[in-house]
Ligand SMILES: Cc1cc2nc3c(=O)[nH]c(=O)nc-3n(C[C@H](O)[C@H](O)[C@H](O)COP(=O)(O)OP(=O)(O)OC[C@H]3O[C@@H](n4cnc5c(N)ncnc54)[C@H](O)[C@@H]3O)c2cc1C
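Only one chain comes next, encoded as structure tokens, the form predicted on its own.
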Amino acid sequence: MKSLVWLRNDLRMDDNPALRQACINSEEVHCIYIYSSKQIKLHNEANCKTEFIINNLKDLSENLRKINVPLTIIDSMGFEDNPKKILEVIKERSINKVYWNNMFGADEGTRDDKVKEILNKNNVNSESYDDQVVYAPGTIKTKEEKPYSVFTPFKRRWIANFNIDLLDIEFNYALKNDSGVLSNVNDFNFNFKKTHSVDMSIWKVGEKNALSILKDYLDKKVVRYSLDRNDPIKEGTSRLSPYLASGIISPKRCILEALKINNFELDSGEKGIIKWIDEIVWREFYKNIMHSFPKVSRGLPFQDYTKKIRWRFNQDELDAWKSGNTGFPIIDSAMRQLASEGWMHNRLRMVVAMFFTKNMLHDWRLGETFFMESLIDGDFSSNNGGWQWSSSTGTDAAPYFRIFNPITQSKNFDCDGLFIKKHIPELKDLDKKEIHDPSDNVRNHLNYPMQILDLKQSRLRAVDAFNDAKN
């Protein structure tokens, strides 16, 4: 039998259920990846993420070649032509069955339904799998059989239902029959133009490197995760998010390897390991939210009343925020980290997003879009969930009157100002008392901008806006 594996958000061989099952059932296996510059732009994918994906496709192609599985890149105008493109490959190569791993989002779901429809009409079987979550989306429910909208009870049920067999992911690939088809990944014209300023050497390419990063982190740093995770200058986080976002490593692999060093305990043992696994479960929680409440993938808030919020818009403020020139050092250093690394520390994502939506009172969707356009680890459901949490429009959201003070956050989590100094060199000579909020004279002398807003007044403005929407 000949099988086709449609790769999407799963650019790996390890724990790839669609690829694994195709290889078990078939003597000959082909892989395709449908690439669309138009779709990348439509979904606001970051330029640095696109470069990362292209490089990882090349690495994956080499790994697949070792078991005689070719990877063919197919040019596309967008989701609409995917059914036709796949059918063309099926007919050209006499494919019997198609396999893929599921994605999250309304557009992706509609696209996949149309692919299934055209396959059924042409008597071609298909199978799909859930590789981004431990449990099938929508199956973790309350006693009333409703989807969870708060993380903590979701996690409790997640743990209560857990069985180690859910992480039965080990598999050795055998050599497949040589189809005679060669991968075109090195010859394909991705029509990619680099427009970002990210140092890509930070992000090593390929699943072998992803697994090495995971192992190194678990060996050396994870036990201190709960202590170090909020300090942006410390390398306290794994930085595996770009690999998870593009499917270069799987959540199941991360959880399994962490459990191995915690006696397979999910809610006891090393606090750092437990907390780190929590973060993987958060990703699954947000994917379940997107599955169970599809409105959030259509640009709508989870909390319906927040549709009535009268968001402000000020182009100068927006530009200052994007460029890291708000006059609040912790905000600006975070935004400059985003520009130089394509990544931002998680604590700072919350601080930056809350400043944007509460103090600036700008629509969370503008910030969500800018992050997706900038992040190498842009994940639709996690990014949406994070922005809606920070803006108090989402599930399990921060109360609308809870507004981080960026100067206090700076003093608490970058007390010596080392992170600020790293990303705002003009402030590198200030002491830790002055660096979090330099005086006007110092700002003028160092050519660092004045604050774009008053924290107290802007906080009151935000509370009033939310109260007005509620009434």
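When you see a residue number, it is the position in the sequence shown, counting from 1. For clarity, every value in this text was computed on a predicted model and none was experimentally measured.
Quick note: we don't show the form predicted in complex with the ligand, though the next part is all about it.
*Asks:* Can you work out whether Gly378 and the ligand are in contact in the predicted bound form, taking contact to mean some heavy atom pair no more than 4.5 Å apart?
*Replies:* Contact with the ligand, yes.
*Asks:* Check whether Gly272 has any heavy atom within 4.5 Å of a heavy atom of the ligand in the predicted bound form, and answer yes or no.
*Replies:* No, Gly272 is distant from the partner.
*Asks:* Would Lys176 count as a contact of the ligand in the predicted bound form, using a 4.5 angstroms cut-off between non-hydrogen atoms?
*Replies:* Looking in the predicted bound form, residue contacts with the ligand do not include Lys176, since no heavy atom lies within 4.5 Å.
*Asks:* Could you tell me if Ser390 has a non-hydrogen atom within 4.5 Å of the ligand in the predicted bound form?
*Replies:* Heavy-atom contact with the ligand at 4.5 Å: present for Ser390.
*Asks:* Could you tell me which stretch in 328 to 336, 283 to 291, 88 to 96, 74 to 82 has residues with non-hydrogen atoms within 4.5 Å of the ligand in the predicted bound form?
*Replies:* Every other range fails; the passing one is 283 to 291.
*Asks:* Report the residue, out of Gln132, Ser382, Thr306, Thr395, that has at least one non-hydrogen atom within 4.5 angstroms of the ligand in the predicted bound form.
*Replies:* After the contact test, the surviving option is Ser382.
*Asks:* Please tell me which of Tyr148, Phe302, Trp343, Phe370 lies within 4.5 Å of the ligand in the predicted bound form, judged by heavy atoms.
*Replies:* Of the listed residues, the single hit is Trp343.
*Asks:* Taking only heavy atoms into account, state which residues of 219 to 248 are within 4.5 Å of the ligand in the predicted bound form, ordered by sequence.
*Replies:* Read in sequence order, the residues that approach the ligand (within 4.5 Å, in the predicted bound form) are Tyr225, Thr237, Ser238, Arg239, Leu240, Ser241, Leu244.
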